[in-house]
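Have a look below at one chain only, the form predicted alone, in structure tokens format.
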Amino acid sequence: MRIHQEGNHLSGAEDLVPLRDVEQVMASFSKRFLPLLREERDRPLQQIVTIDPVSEKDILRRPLLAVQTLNSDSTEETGTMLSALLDPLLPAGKVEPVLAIFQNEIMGTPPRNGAVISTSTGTILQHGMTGGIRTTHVGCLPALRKALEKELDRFFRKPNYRFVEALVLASKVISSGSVLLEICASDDPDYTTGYVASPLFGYVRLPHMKKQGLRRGGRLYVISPETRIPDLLTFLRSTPVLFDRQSPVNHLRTHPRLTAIPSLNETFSPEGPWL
């Protein structure tokens, strides 16, 4: 589901659900559209919902990334920590070029509908540069989603569905095996928490990723040099991935400034057929 206003992306959502739950999910998507419709009465809005049936045998099942959160009180602190997180993930001397791409192409331009891709040496790839690369065909078991939101209520002041959706998307991106890291900031002017995701640190929430009131944001995928771009794009765009558990926290490489969020110990069993 995507909501647009005069061509500009405002909101989106996606899930892999059993056939019997489609009507319920459609209703939940509609609830996201109505508040925006009330707020933007003078400007036309459009909600597009796409239903894409997939075979259960084609669905990959993966664990969500473990979650940590940065102890930060300012954008300056977060910027310093972001550089420290990227340092072990990139070749020597390439942190600044990669962060420059994020600042110029993500935070310095109007929001795209998808992610920008760069190499670990700081070269932007032209695939999807106009609108960006969208990661789709991804979902999370409803029981896991609810359990995760309940667990995180103890740690987040303002928990909401956006965090779990970002975690699911980032977990698919990192599970590709070709993406070294993802950096993301929301384009919502009132939501200033971003994240960096990687196989090394998992999903790290970054408070004060940007200044309050800034309507800029998006995703940067940084890939390894040996990545086969066509294979990566096929995986991101069309390979269905269902997350049915969470990675254990003890597999993380932690940092003194990071606080790990305990992982769930429950096991969830999916039932098909799936969409």
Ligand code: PML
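The first residue of the sequence shown is number 1, and the count goes up from there. Remember, predicted model here, so these are calculated numbers, not experimental data.
Beyond what is shown, the protein has a form predicted in complex with the named molecule; the following relates to that form.
Undergrad: Test of understanding: in the predicted complex, would Ser186 fall inside 4.5 Å of the named molecule by heavy atoms?
TA: So Ser186 counts as contacting the named molecule.
Undergrad: With a 4.5 Å heavy atom cut-off, would you call Phe201 a contact of the named molecule in the predicted complex?
TA: It does not: once the named molecule is placed as it appears in the predicted complex, Phe201 has no heavy atom within 4.5 Å of it.
Undergrad: I'd like to know if Arg112 sits close to the named molecule in the predicted complex, meaning any non-hydrogen atom pair within 4.5 angstroms.
TA: No, Arg112 is distant from the partner.
Undergrad: Closest heavy atom of Arg162 to the named molecule in the predicted complex, within 4.5 Å or not?
TA: Yes, Arg162 lies within 4.5 Å of the named molecule in the predicted complex.
Undergrad: The named molecule isn't shown here, but in the predicted complex which of Ser171, Thr78, Thr193, Thr135 has a heavy atom within 4.5 Å of it?
TA: Result of the distance check: Thr193.
Undergrad: Of Ala166, Leu99, Ala147, Met107, which one comes within 4.5 Å of the named molecule in the predicted complex, counting heavy atoms only?
TA: For this set of options, the contacting one is Ala166.
Undergrad: Which is the contacting stretch out of 51-59, 239-247, 203-211, 225-233, given heavy atoms within 4.5 Å of the named molecule in the predicted complex?
TA: Stretch 203-211 is the one.
Undergrad: Within 213-247, which residues come within 4.5 Å of the named molecule in the predicted complex, counting heavy atoms only?
TA: The stretch touches the partner through Arg219 alone.
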